[in-house]
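Okay, here we've got a single chain as structure tokens, the form predicted on its own, with questions on binding and movement later.
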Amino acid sequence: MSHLDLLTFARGSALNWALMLCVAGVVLRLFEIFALGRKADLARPRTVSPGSGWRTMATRSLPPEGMLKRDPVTYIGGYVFHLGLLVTIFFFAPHVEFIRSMTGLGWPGLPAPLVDALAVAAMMALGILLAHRLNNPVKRMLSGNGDYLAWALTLLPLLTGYLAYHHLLSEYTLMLALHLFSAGLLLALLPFTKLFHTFSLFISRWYNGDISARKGVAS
């Protein structure tokens, strides 16, 4: 199989199957979560605050008081990584055009040098966070195979995309195919790994804020 044939397969059947598996998996996981329901709370609510869930979603996205100073690597590295990943996925012009072709929705992309710099920053942050995890006895003990799998699945599309964009390491067509395969692998496994927090994170924060407000507990 030539590099062009590999690229055609990667951007065609392989990516389509990965997208379908991702959507089906996310729908299934969300159904599992919401099907659990929650028992009726027969106690009188101590606080009536319809916006408590939304407020918790916002406040939990900020470092708790004192934690930024106590563990700057985790928080700063986390913010840099997530910002770089978000911008790379949704504001790199070729990605925007891909999303437009799939959904009909589009928006202006950011300048390529800016996206490139943020992608590098995201990869550096991932490396620093991994080193910090391995060198921190508590985090190393709490980490399992799923954590390292999620790390690798996230890094590979960034790394192969960077190499393809800069025509590094291998021929462009092959590297682009590898980038698409890595992105497809990420999509296919996202619903079944810890990366599913992409969808469950804000749902759980809203729920915790809402139920805590009913009990009169700060969240």
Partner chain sequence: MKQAQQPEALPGTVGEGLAQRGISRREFLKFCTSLAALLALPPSMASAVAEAISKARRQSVIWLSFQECTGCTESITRSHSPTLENLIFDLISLDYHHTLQAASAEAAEHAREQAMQDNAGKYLLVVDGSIPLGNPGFSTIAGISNHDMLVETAKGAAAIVAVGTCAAFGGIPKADPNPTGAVAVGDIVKDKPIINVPGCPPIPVVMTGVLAHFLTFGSIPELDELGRPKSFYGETIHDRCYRRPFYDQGKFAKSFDDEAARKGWCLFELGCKGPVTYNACATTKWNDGTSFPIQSGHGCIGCSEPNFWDAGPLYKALSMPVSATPAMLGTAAAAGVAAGVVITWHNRSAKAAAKTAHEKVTVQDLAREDK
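None of these values were measured; they are calculated from a predicted model. Residue numbers count along the first chain shown, from 1.
Unshown form predicted in complex with its partner chain; subsequent notes refer to it.
*Within a 4.5 Å heavy atom cut-off, is A93 in contact with its partner chain in the model of the complex?*
A93: contacts its partner chain in the model of the complex.
*asked:* At 4.5 Å between heavy atoms, is P111 in contact with its partner chain in the model of the complex?
replied: Heavy-atom contact with its partner chain at 4.5 Å: present for P111.
_I'd like to check something about A213: if you look in the model of the complex, is any of its heavy atoms closer than or equal to 4.5 Å to a heavy atom of its partner chain?_
Residue-level check for A213: no, no contact with its partner chain.
*Given that the partner is absent here, does L19 sit within 4.5 Å of its partner chain in the model of the complex, heavy atoms only?*
Heavy-atom contact with its partner chain at 4.5 Å: present for L19.
*Location of its partner chain contact in the model of the complex, chosen stretch of 93-101, 67-75, 135-143, 120-128 [non-hydrogen atom, 4.5 Å]*: Residues of 93-101 come within 4.5 Å of the partner.
*What residues, if any, in 130-146 have a non-hydrogen atom within 4.5 angstroms of its partner chain in the model of the complex?*
Result: empty, none.
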